[in-house]
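Starting off, we have a lone chain in the form predicted on its own, written out as structure tokens.
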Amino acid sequence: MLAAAITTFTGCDKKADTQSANPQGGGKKLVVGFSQVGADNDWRVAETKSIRDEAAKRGIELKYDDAKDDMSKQLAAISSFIAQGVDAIILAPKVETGWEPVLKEAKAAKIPVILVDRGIKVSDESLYATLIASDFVAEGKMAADWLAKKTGGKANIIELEGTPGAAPAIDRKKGFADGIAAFPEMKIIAAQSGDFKTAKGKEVTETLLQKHGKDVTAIYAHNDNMALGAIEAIKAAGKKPGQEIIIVSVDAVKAGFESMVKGELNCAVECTPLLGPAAFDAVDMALKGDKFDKKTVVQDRVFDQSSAATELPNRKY
């Protein structure tokens, strides 16, 4: 049932008879808390909209908290949701570790926790109901495969990493490293965190270009926002992004497609943020006590300049 919910990502309408009543409380309105990492990039904004829209569609009261990229605020938000007696919690965790104490509180209160887009590391996996996310290792591998084909297996690469300790940053780095391992002439000559932010991506790229500028032939960014920042830095350095320096990133947000149409970003590996339908299907199943998979993997695609113009009108984020 949960896997079937992923088909809604392609634009299919949700069934009109979706129940909004609390499965444990008869006609009582369902109340769900949602702890979001932040709203400082296009992907996060799209994910929040997807969850908010789906809650409204189902008649569910959503208590939303924006942690502004601060894990301590996420922990406080979850504790607050527990104190308020919400029926379920949706959590987009900032990093992989540090969640066990607060999730034990949620379990003791019999409040199921649904993880979206990022996994966590805990000693007891029963502390959360399920994880709905992309395969970040596979995304990194897809980016590496595309770049290897584009460059003929020869590239000096700057890697713009995501937030230290975050599952996408860890896994996208691993997947990319695994992908280029078969190509001795593809080398990462510099790697630094841009924290998934446009401004930070620009700042880091400026610094690394000053140090390695003549050698850099490609940039791999863990998300589109950092890639867009890198493009601005490349222009400021008097080089042509997409031509003199090949750029591949992950997320495939609308701004990334627009950049590909301009000929600046070369490739974007998709990571869909449209997780609302699947998240609330999981909430429903958890409250009913239904059994379902511990993880649902969202299938992603690869887009480059050859398909960007055709696909752009279809993008929802």
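Just so you know, these numbers come straight off a predicted model, no measurement behind them. From 1 onward, residues are counted along the sequence shown.
Omitted from view is the form predicted together with a small molecule, to which the following refers.
*Asks:* If we take heavy atoms and a 4.5 Å cut-off, which stretch out of 234-242, 200-208, 219-227, 185-193 is in contact with the small molecule in the predicted bound form?
*Replies:* Residues of 219-227 come within 4.5 Å of the partner.
*Asks:* Among W43, F280, F257, F34, which has at least one heavy atom within 4.5 Å of the small molecule in the predicted bound form?
*Replies:* Checked against the cut-off, the match is W43.
*Asks:* Hey, in the predicted bound form, is G140 touching the small molecule, heavy atoms inside 4.5 Å?
*Replies:* It does not: once the small molecule is placed as it appears in the predicted bound form, G140 has no heavy atom within 4.5 Å of it.
*Asks:* With the partner left out here, check for me: in the predicted bound form, does some heavy atom of G179 sit within 4.5 Å of the small molecule?
*Replies:* The answer is no: G179 has no heavy atom within 4.5 Å of the small molecule.
*Asks:* At 4.5 Å between heavy atoms, is P168 in contact with the small molecule in the predicted bound form?
*Replies:* Contact with the small molecule, yes.
*Asks:* Is F136 near the small molecule? Define near as a heavy atom within 4.5 Å, in the predicted bound form.
*Replies:* Contact check for F136: yes, within 4.5 Å of the small molecule in the predicted bound form.
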